[in-house]
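Given as structure tokens, the chain that follows is alone and in the form predicted alone.
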Amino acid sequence: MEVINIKGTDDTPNVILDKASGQFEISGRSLPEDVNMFFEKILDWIDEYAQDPNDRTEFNFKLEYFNTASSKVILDILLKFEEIVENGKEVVIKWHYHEDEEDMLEAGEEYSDIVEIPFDYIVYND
């Protein structure tokens, strides 16, 4: 599978999707002008990945900030990974949040209430 490696900007997140190395990460800030256009390639990649996923997928979300439109796409991504779990593969979400950003922790907890995927919460303070 093709590797997706998108360098983030002030408005768009870093994205690494690499099946071979097992690296799956979205980090930084997500408030793209056209959220659907930005995430379309990412959602398509995840759809392709879901056809033949790794036995274990560890997906890292390290977002400092995301807007409402991005929150919907994050849920779409999580729902796609929930389907992978339903098909018998292991998925773990690593939800990173800054120690001063309780809102980001709460966002992760809200997502974990919606999808049937284990979440690990990881605090950082840099």
Partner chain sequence: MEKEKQGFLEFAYQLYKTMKTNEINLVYEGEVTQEITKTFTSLTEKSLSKNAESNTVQKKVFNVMVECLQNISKHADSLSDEENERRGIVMVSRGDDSYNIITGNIIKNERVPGLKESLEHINSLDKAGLSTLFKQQIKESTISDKGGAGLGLIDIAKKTGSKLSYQFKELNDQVSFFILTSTIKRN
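Residue numbers count along the first chain shown, from 1. Worth saying up front: this structure is predicted, and the values here are computed from it rather than measured.
What follows is about the form predicted in complex with its partner chain, which we do not show.
- Put simply, residue 86 is far from its partner chain in the predicted complex: not one heavy atom of it is within 4.5 Å.
- Shown alone here, residue 67 lies within 4.5 Å of its partner chain in the predicted complex, counting heavy atoms only.
- At a distance threshold of 4.5 angstroms between non-hydrogen atoms, residue 72 is in contact with its partner chain in the predicted complex.
- Taking non-hydrogen atoms only, residue 103 approaches its partner chain to within 4.5 angstroms in the predicted complex.
- Proximity of 11, 98 and 114 to its partner chain in the predicted complex is complete: all three residues have a non-hydrogen atom within 4.5 angstroms.
- Among the residues 50, 35, 92, 42, the one placing a heavy atom within 4.5 Å of its partner chain in the predicted complex is 35.
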